[in-house]
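Heads up, the chain below is alone and in the form predicted on its own; it's given as structure tokens.
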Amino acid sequence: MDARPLVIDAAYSLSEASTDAEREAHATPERWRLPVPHYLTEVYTWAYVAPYVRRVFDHQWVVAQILWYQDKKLMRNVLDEIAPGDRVYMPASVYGEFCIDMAQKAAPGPVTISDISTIQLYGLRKKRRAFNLKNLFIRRANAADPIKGPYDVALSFLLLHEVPEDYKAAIVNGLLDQVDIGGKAVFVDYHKMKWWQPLWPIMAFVAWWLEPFTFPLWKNEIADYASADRRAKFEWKKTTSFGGLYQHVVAVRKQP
């Protein structure tokens, strides 16, 4: 489905002080002017777009609390899917140490991370400088229109629950299209909890109040967002953890 009707003009633009970030984060003048999706400014300005968000959220201890201290396990499971030298792509930045760890694990392979939020791009640039991540490439892009591959690992990390349904389909299909033969697409996200998971009422309230795009993932399989022809090209494996709250889906591209 076409995600373009959901976009509006960007609410925040790169300042003169971050001209260097603009030059490295945007491949073409057209990408400089890419609009911020409408849903992002309506639902997630508080988390990803407002100027203060990095100071509040971009700390591993904050990420740990948001993820009920399952952050290290979720990150480790993804890092286990990456081998040194792999070409890796992730269509949205994440807070904390994960982007750093991923670039270090894949080195010397190139790791490309894109985002549509200027604040997130600037944060990535600071991490690249601080940790000398020469293999980390930063680009501006809408998650529904990924940077072209091919890649050995294409990764969606806690992204799908933050986007509308047509974006979910566009992201899943877009990432699958960029995976090389023998490569894999990895999806980590929320999942319908077991009946005995004590966090049921808390997570349901959080989803209703702050993250309304989460609910479809409680009833739909991530593989079902892929078109039938794309889905058939991959071997799919799904595991869940923490009482079903999280899912880890790996799709490996078959030989033709």
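Please read these numbers as outputs of a predicted model, since none were measured by experiment. Numbering starts at 1 and follows the sequence shown.
Although it is not shown, the form predicted in complex with a small molecule is what the next lines describe.
With the partner omitted here, the residue from 172, 111, 186, 92 that has a non-hydrogen atom within 4.5 angstroms of the small molecule in the predicted bound form is 92. Residues within 4.5 angstroms of the small molecule in the predicted bound form, judged by any non-hydrogen atom, belong to 94 to 102 and to none of the other stretches in 94 to 102, 176 to 184, 80 to 88, 128 to 136. Among heavy atoms of residue 147, none comes within 4.5 Å of the small molecule in the predicted bound form. Proximity of residue 141 to the small molecule in the predicted bound form falls within the 4.5 Å heavy atom cutoff. When the small molecule is considered in the predicted bound form, residue 213 lies well away from it, no heavy atom lying within 4.5 Å. Within this chain, residue 157 lines the site of the small molecule in the predicted bound form, having a heavy atom no more than 4.5 Å away.
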